[in-house]
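Take a look at this single chain, the form predicted on its own, given in structure tokens.
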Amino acid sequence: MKKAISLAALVAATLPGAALADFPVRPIQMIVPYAAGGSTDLTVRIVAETLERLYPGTTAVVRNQPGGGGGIGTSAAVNARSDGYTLGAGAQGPIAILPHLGGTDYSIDDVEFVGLYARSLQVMVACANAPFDDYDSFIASAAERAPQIGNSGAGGANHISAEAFAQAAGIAVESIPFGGSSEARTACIGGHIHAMVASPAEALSAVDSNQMTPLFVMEDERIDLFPETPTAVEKGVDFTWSSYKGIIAPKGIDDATLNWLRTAIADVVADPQFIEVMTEMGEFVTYEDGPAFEARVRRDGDMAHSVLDALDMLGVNN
């Protein structure tokens, strides 16, 4: 009987929802550093719902704490008690870029990386009436005159990505900030700027109606949505960039609890229902474990530091 009980326990421990650690015994709070209704908020809620479904008896509560470009909510997450019951949505801007601009009370070193669950791919598009319509003519044109590239705000992710690509490609660009991606998109379609960085989903309808032209995608390989569009990598420029969504926590969580959390996120991302719902929303489901997620953020942080330094935008102590 004792052997049978041990075998049952071993089998149970291999099933989704099973854990050897005595965790959790109360609700897990997930802090979203943006207002309700945005893509980060919606996807974290899907993560929470999936976690509860896969791990019966577990409760995950989503709390919105917007402000400071995501810095306020991210600070609340990384400065929380390190018991595993307070997590955060780990987005590119607040953890890889904002600390270099100054004004945050945390850095990448203060973040425990649980796992990445989705990425938002990026594509550089030519706007209406631009003097180029493919990668090669874009680079040739930039060699003569810096193209005006719109972004959703100075110091934001697509501002950094455009400038980082320019550094990698050895060209100059003139970044034009707008009050959000929709304003930049309107200016692009109207021919008021030469190019912009967009997600494939937000660019697709404009491309289909010949209002934008994809120049290159910021991935290692071509993507299904724009199969004829090259990557910068295949053009000889070692550059990739994507924004992302992951789960972070404060440093200092004990190993058993951290392992539970990391296993839980891996189970969530592998769940077919989760993948289906996220894909329908236009999210590119991608799993990276804690160390791989951290490596991605540190690489982006280094690129952001280099770009902001060149633009004389680094904050104090950077």
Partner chain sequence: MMETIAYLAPLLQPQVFGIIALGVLGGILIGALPGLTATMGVALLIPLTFGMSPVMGLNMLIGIYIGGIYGGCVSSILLRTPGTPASAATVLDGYPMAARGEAGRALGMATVASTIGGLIAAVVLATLAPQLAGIALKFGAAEYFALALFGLTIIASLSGDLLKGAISGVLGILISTVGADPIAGVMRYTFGIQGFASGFAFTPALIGLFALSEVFTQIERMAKQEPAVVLVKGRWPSRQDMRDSKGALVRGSLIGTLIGIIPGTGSGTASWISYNEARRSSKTPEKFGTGYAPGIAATESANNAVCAAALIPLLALGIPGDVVTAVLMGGLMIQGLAPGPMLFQTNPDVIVGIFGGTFLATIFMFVFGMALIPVFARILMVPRRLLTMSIVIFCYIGAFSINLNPVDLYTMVGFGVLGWGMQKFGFSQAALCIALILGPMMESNLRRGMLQTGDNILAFISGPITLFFLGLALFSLFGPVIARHLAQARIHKPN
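So that the term is clear: the rigid core is the largest set of C-alpha atoms that superpose within 1.5 Å between two forms. Residue numbers count along the first chain shown, from 1. Keep in mind that what you see is a predicted model, and the values were worked out from it rather than measured.
One more form of this protein, predicted together with its partner chain, exists but is not displayed; see below.
The three residues 45, 65 and 103 all sit with a heavy atom within 4.5 Å of its partner chain in the model of the complex.
In the model of the complex, no heavy atom of residue 93 sits within 4.5 Å of its partner chain. For residue 313, a non-hydrogen atom is located within 4.5 Å of its partner chain in the model of the complex, even though that partner is not displayed.
Although the partner is absent here, residue 89 sits far enough away that none of its heavy atoms falls within 4.5 Å of its partner chain in the model of the complex.
In the model of the complex, residue 244 stays away from its partner chain, with no heavy atom inside 4.5 Å.
Contact with its partner chain in the model of the complex, judged as any non-hydrogen atom within 4.5 angstroms, is confined among 182-190, 80-88, 117-125, 216-224 to 182-190. For the options 130, 176, 233, 139, the one in contact with its partner chain in the model of the complex, meaning a heavy atom within 4.5 Å, is 176. Though its partner chain is absent from this view, in the model of the complex it lies within 4.5 Å of a heavy atom of just one residue from 256, 275, 61, 36, which is 36. Annotation for residue 224: C-alpha shift under 2 angstroms between the shown form and the other one, rigid core superposed. Comparing the forms between the shown form and the other one on their rigid core, the Cα displacement of residue 184 reaches 2 Å or more. Remark: with the core as the superposition reference, the CA shift of residue 91 between the shown form and the other one stays below 2 Å.
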